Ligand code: CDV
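Let's start with one chain on its own, the form predicted alone, as C-alpha cells.
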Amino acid sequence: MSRTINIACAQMGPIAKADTRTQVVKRQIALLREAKARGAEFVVFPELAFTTFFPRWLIDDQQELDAYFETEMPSLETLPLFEEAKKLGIGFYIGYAELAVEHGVTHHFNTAIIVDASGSVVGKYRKIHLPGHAEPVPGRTAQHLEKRYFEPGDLGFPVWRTLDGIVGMCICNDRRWPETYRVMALQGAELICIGYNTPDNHTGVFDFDQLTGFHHQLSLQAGAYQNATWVAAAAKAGCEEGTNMIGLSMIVAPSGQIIAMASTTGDELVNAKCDLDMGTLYKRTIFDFARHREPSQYGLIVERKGVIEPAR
C-alpha cells in the first residue's frame, strides 16, 4: 500500500509591523485553498508565521514585546485558519511565539505545532538552537535578539505518528545542526517539517552572508540524505521592515535531491508527492544505523558543548 503524501510548503512574503493577525491569517487561508486545489494533504507554514520577525528590534517594553506572543493556540484571531484547514481536510505545521505560564512561571518560546486534518494539535516543538545575541550588537541597523526574547526549547526533538508515517519538526536555525536531524532519525522520522525566517545579513561580512541561500540548501539536503528522511521547509521571505530574508522554500527527498523549490520571495505555494517509503532503501543500506553506527565513539558530542583544543 502506497504511503505517498502530497505535501506543500506555504512560503509567505513580508509581514509588516502594522499588519494584524487577521490580515495575515487571510493570506494563510488563501494558501491553504491553493494547496487543496493542488491536491495537497499537508501544508508547512513558516516560523513566527503570524507576525513580523520582531527579534530584529530592541524592545524594552515588556507589554509591547508580549503582544507578539500567543497565550493560546488557536486564539480568536488565528482560529479561522484551523477552521478552514478542518473544512478542507488538510493538516499543517505552523510556527509562532508562545507565552506559556507553567507551574506559576512565565516562559517565552519560539514554538511550532503540527495540526492534523481534523483540526487537532498532534504535537508541539519549542526551538532549541537559538541564534543571535542577548544584547544588541553596536552598529547594526537590524539586530537578531532571539537569545534575548526566547528560552531554549525544553521538549527535545520528539516525533509523532501522523500522515500515515512518522513526522518530526524543528525551527529555522535548528536545521543547521546535524544533531537535530539525527535525534529524530533515531526515532524513525520519515518527514521533518521546518519553518524559518532567515535574513541575508547574519554577520555583516559580505563574503559570508552572500552564501546564506547556499548554506540553507546545503543544510536541508545533508539533513535529508544523511538521515534518510523527507524535509519540507517553508520561509518567511522578502524585504520585511527593511531586512531582506531569503525564500528558497523547498521539499527535499531522502536522496538529498530538491524535489520542489520556490522561485519568488513572496506568498508562494510549492508542492510535491512524497513517497514516505523512499527512505527505506537508504535505511537498509548505507544509513542502516543499527548495523553501522558506533555510539560508543561519539561521547564528545553530548559530553562537551564548546571546543577544547588538544594540548600543544
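Each residue number is its position in the shown sequence, starting from 1. A quick note: this is a predicted structure, and the numbers were derived from the prediction, not measured.
Not pictured, yet referred to below: the form predicted together with 3-methyl-2-ureido-butyric acid.
Please tell me whether any heavy atom belonging to Thr162 falls inside 4.5 Å of a heavy atom of 3-methyl-2-ureido-butyric acid, as the geometry stands in the predicted complex. Flag for Thr162 set to no.
Are any of the heavy atoms in Gly204 no more than 4.5 Å from a heavy atom of 3-methyl-2-ureido-butyric acid in the predicted complex? No, no contact at 4.5 Å.
Does any part of Gly213 reach within 4.5 Å of 3-methyl-2-ureido-butyric acid in the predicted complex? Heavy atoms only, please. Heavy-atom contact with 3-methyl-2-ureido-butyric acid at 4.5 Å: absent for Gly213.
Do Cys172 and 3-methyl-2-ureido-butyric acid come within 4.5 Å of each other in the predicted complex, heavy atoms counted? Residue-level check for Cys172: yes, a contact with 3-methyl-2-ureido-butyric acid.
Triplet Glu98, Thr111 and Gly153 all within 4.5 Å of 3-methyl-2-ureido-butyric acid in the predicted complex via a heavy atom: Result no, not one residue of the spot touches 3-methyl-2-ureido-butyric acid.
Tell me which of 234-242, 220-228, 174-182, 117-125 has residues with heavy atoms within 4.5 angstroms of 3-methyl-2-ureido-butyric acid in the predicted complex? Among the candidates, contact is made by 174-182.
Which residue, Phe42, Phe53, Phe45, Phe50, is the contact with 3-methyl-2-ureido-butyric acid in the predicted complex, using a 4.5 Å heavy atom cutoff? The option sitting close enough to the partner is Phe53.
In the predicted complex, the residue from Gly188, Pro136, Pro80, Pro131 that sits within 4.5 Å of 3-methyl-2-ureido-butyric acid by heavy atoms: None of the other options qualify; the answer is Pro131.
May I ask you to list the residues of 128-164 that have any heavy atom within 4.5 angstroms of 3-methyl-2-ureido-butyric acid in the predicted complex, in sequence order? The stretch touches the partner through Pro131, His144, Glu146.
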